[in-house]
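Before any questions on binding or motion, here is one chain by itself as structure tokens, the form predicted alone.
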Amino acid sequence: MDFGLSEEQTLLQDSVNRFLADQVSLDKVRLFTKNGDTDKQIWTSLCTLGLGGILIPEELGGTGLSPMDATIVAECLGYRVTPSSFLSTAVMAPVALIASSKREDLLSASAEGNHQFGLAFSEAIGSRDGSGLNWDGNVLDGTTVFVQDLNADTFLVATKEKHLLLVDAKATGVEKVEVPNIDQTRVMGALSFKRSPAELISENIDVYHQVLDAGRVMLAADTLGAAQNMLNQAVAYAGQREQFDRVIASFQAVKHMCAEMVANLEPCRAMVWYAGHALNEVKDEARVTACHTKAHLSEVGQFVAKTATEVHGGMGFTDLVGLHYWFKRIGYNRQMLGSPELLREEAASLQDM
């Protein structure tokens, strides 16, 4: 059986890649990491392509595409280390709201690019010392850390009990604390709540897992794109950098490093595509596939990031080349929504059931 992109999906991939090549240069990424003020500009531009509402039904202003289509877009965004709230605003929050049939007004606003969501899932995946949430059915108290997209308008919060809540960023008692993050293309921090109004979106654990699986697949796709870019940069650099009057690409050791990166990364593409396909089409396999895919991409991405940097030698650590943006993106994705170790343990539990 052949498994590949349809003509429409190839056109989607090409159009997103062309847009990002033109609009999201490395200089624009650098600007974001310095002052953080270009995220909404980039996001508004992405929404003009329909990416903000990629999973939102057409009757609500979205494009009504599939999780597989969103996976393709996530790979493109990772390739350009694009600062955006795609994971939270275009994927995880819409999946939660659509599955629970709640807040269609927010779905319409986000599809138009007028509303952004943030993610606060650390309490559901693994709470940390000094954090913890208490929801009494009406208001929320406590602190949650590792909140993604801290500048959002509304936060999708997951409790330890796997309940999904919506909290307005301007609600009473909500305080944001931005925390330095290894991946400066993402705005991360902590949220504290003091009797803050919270709206229950779902207490169904299946909805929680559906949202989480979608997020994990998108992070795997983002890592795939970032790793592919690092590999491409390493090959291009090896073909230009000369040592002992020869390009270093002619050295057997460098050839082996590049070949090993290709051999490890290329099979991952089919794995990521299948994981995106399974979210809607093979739901019985979606959870375990999402776990294995993100765990495997985390490990392969880390290997490619390390090896590509080594191919560049000392230049790989400079901001002139900028390789570190992709390196840090891959490192961030590895830990977000579950480390490889946690994911493999979860997958093993699922397969024992």
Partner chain sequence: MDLSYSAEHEAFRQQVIAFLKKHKTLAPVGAGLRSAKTRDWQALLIEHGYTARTIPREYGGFGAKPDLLKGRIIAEEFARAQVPGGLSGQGIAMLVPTLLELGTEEQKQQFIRPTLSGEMIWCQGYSEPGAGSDLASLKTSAVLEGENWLVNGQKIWTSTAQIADWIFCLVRTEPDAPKHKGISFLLFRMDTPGIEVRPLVDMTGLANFNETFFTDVVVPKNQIVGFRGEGWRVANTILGNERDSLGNPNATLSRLNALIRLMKSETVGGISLISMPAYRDRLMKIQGRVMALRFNDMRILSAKLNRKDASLARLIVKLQGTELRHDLEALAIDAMGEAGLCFGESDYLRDGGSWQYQYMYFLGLIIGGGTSQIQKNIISERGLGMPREPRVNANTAT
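Positions refer to the first chain, counted from 1. Note that the structure is a prediction, hence the values are computed from the model and not measured.
Separately, the form predicted together with the partner chain exists; it is not shown, and the next lines address it.
- Of the stretches 101 to 109, 144 to 152, 197 to 205, 82 to 90, only 144 to 152 has residues with a heavy atom within 4.5 Å of the partner chain in the predicted bound form.
- Judged against the partner chain in the predicted bound form with a 4.5 angstroms heavy atom cut-off, the residues Val24, Asp136 and Gln210 are out of contact without exception.
- Contact check for Ser45: every heavy atom lies farther than 4.5 Å from the partner chain in the predicted bound form.
- The partner chain is not shown here, but in the predicted bound form it comes within 4.5 Å of a heavy atom of Tyr332.
- By the criterion of a heavy atom within 4.5 Å, Asn35 is excluded from the residues contacting the partner chain in the predicted bound form.
- Using a 4.5 angstroms limit between non-hydrogen atoms, Asp319 touches the partner chain in the predicted bound form.
- Contacts to the partner chain in the predicted bound form (heavy atom within 4.5 Å) from stretch 242 to 258: Glu242, Gln243, Phe244, Asp245, Arg246, Val247, Ala249, Ser250, Phe251, Gln252, Ala253, Val254, Lys255, His256, Met257, Cys258.
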